[in-house]
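First structure 1, then structure 2: two forms of the same chain, each alone, as structure tokens.
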Structure 1
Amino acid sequence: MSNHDLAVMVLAAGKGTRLKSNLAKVLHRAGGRTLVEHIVRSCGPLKARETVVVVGHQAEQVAAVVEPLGATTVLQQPQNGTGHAVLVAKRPLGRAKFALVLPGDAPLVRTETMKALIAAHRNGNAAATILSAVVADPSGYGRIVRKSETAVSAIVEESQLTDEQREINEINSAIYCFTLENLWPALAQVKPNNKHRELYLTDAIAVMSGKGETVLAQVAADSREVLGCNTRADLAEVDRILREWKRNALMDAGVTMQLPETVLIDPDVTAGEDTVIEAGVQLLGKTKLGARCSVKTGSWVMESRLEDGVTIGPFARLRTGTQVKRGGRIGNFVETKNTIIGEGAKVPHLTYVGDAKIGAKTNVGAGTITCNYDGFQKHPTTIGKGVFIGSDSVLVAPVRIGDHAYVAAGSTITEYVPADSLGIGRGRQVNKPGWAAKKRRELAAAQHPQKSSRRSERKPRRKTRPRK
């Protein structure tokens, strides 16, 4: 379906008072993205002629999120309500015939649902088509008042409900399709008749319906899609749902997950078939996992790339720019950053590697640390292939270790170790025969002077003990 006659309008100027935050509501994050980014991305496939985002609070920051996605912005200052926000965007909508209007705080709506709403609007020759939802708890939302099975007479906001209307459990999602030649005259008639003295877009519905124009409401198949984020609890709920959808998508693509509800995965993460993700794992940023990887419990991976057959964790921390080649292994309590681990190389325990390049089949012993930072600058560590780094070694960067070299355990390596050599950088061991035994005797003598005289002191004490 072509949408060259359709403009998309996202209302994102509000502060979000109920969140009690310094950050504008639409910049809050759920499911790994800001709310407004979710919405603008979901609108992308509609291929509308224009996507206009109405900005106000922290307008520059909101623009910085949506403009790279191809949207234009228009400033609403001050924010006099959702109806006012739509009026502000009148000129940028250009010559569109229809507008799909969405709030910036309801990020769960799917592209398919928007398409269905637009189709219903076109097919019904309507002035307005509202996406509604039937919910168990409608509190906080505007209610849909119907005059017949198909036609809507009004949307009534929570604060203006009669007792009878309060029972209605069909709510307004604040997602609508409008025919603009009907919307503009209706909005011109809306008055700020509410305690906030705002122009409500919802009031335009009663105006249109009153004129005998067709106003439809289409009920969303999944009512969760219309959840708006007005409170922190709403944000947590929306985050939970987005995370669940992401996990399900990966499982559909052939990934095994243990206790999936404990696993947190950002939207841009990809993973290949037969990869296994254990409980309590976090995969963040643009992380890419190959096929047959194993990410063990408690591991945290940010902006990293694991090739096929890589094993991570338990409890590994892979920071930005970690790359593990085919069959590589990072074990427990290992931290990596901006590091390439070669094919089949192992960093099995208790290690920090930063700004390093580790060759194929190299083994990095427990407790190895790359000292990559001198307080001013970061420096590289380059380790060749087939190298053995003994446990508890300190590699002071910049430093290089050649192919197939050995580093003796406990070394502090500050200079180049040539290929096939042994690098030892530690104090030579000295043994002092009998030293420990002599020390023990001296300590014992200092603690217990004249053991025999003490024994004789005990006797008179016993004699003087009173009898019952």
Structure 2
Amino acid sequence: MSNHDLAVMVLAAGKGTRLKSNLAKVLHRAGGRTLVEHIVRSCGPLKARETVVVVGHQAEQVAAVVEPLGATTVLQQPQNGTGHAVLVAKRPLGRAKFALVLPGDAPLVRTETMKALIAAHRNGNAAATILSAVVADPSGYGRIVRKSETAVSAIVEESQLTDEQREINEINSAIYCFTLENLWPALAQVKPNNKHRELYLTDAIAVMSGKGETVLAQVAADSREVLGCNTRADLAEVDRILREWKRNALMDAGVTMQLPETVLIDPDVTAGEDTVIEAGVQLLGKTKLGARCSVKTGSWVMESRLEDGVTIGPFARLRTGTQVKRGGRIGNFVETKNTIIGEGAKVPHLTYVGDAKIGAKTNVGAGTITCNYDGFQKHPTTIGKGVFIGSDSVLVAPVRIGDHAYVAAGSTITEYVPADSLGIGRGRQVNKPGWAAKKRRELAAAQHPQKSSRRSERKPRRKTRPRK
């Protein structure tokens, strides 16, 4: 269905006082993105003629999130309610005939649900269509009061419910589709007759219904989609659901997860078939995993790329810019950053590798460190293919090690090691016989100087001759 006559409007001006935060509500994060980014991204496939985000609190920061996604921002200042926010966005909507209006703090709504809402609105020739949800506990939400099986008479806020209306478990999501030629006259009749002296969009719906215009409600298939984020507990629940959906999507694509509820995966992460992700793993940012990879318990991977057949961990930490070529291995308690690990290369354990290139089939021993930072800038380390780096080596960048070279264990390497060479950078061992015993006597004397002095003052015993 073409949406060339549809505009999307996201209401994102509020502060979110119940979150008790200096950060605007829509800039809080859940599921790896800000709340408003989730909304704008979900609206993208609708291909609306215009996406307008109404901003207010921390307007510049919100604009910096949504404008790169193709949205236009308009400032609501002061914030005089949801009806006022829609009026502020009237001009940017241009010649659109319909508007999809969403709050900026409801990141769970799916594109498919919005498409169904728009279709129901068009097919019903409605002035307004509300996305509703049926929930077990409707407390805290406005209720949908119907005058027939399909038509809505009003949205009643909880504070105004009658005892009979409190039994209704169909709630308002604050997501709507409007026919604009009906919306603007209705908004013109709305008055700020409430304790906050604000214009409410729900009052415009009441005006439409009162005039006999068609107001419909489309029930969301999954009631979780309408959850907003008014409290920290709401944020945590929304984050949990988004993470669950992401894990399920990867498992549906052929990824195995052990104890999936312990695995945290950001929305832009991808993984190939037959990859296995163990418990307690975090895959963040735009990390990409190939097929048949193994990410073991407790590993943390950020903005990294793993080719097919790579093994990571357990308890590995791959920071931004890490690339592991086919069949590479990064073992337990290894940290990498801005590093390329060659095909079949191994960094098995207890190692830090930063700003480095490691060639194919190279083995890096335990305890190795690339000293990439001199206090002012970062420097590269280049290790060729087939190299063996002995345990507890320190590679002081910038430094280069040629193909098939060896570095002796415990070495500090500061200069180029040519191909097929052995690099040794450590002091020569010297053994001093009796040194330890002498040292212990000196220490004992230092700890007990009086006792030592009395011993030195004693006269030697006179030897007695044996009696005949």
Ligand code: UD1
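Along the sequence of structure 1, residues get numbers from 1 upward. Between two forms, the rigid core is defined as the largest C-alpha subset superposing within 1.5 Å. Keep in mind the model is a prediction, meaning the values are calculated, not measured.
Assignment of forms: the chain in structure 1 is the form predicted in complex with the ligand, the chain in structure 2 is not. Superposition of the core reveals a Cα shift of 2 Å or more for Glu167 between structure 1 and structure 2. Glu442 is among the residues whose C-alpha shifts by 2 Å or more between structure 1 and structure 2 once the rigid core is aligned. Per-residue C-alpha deviation between structure 1 and structure 2, core superposed: Lys432, 3.1 Å.
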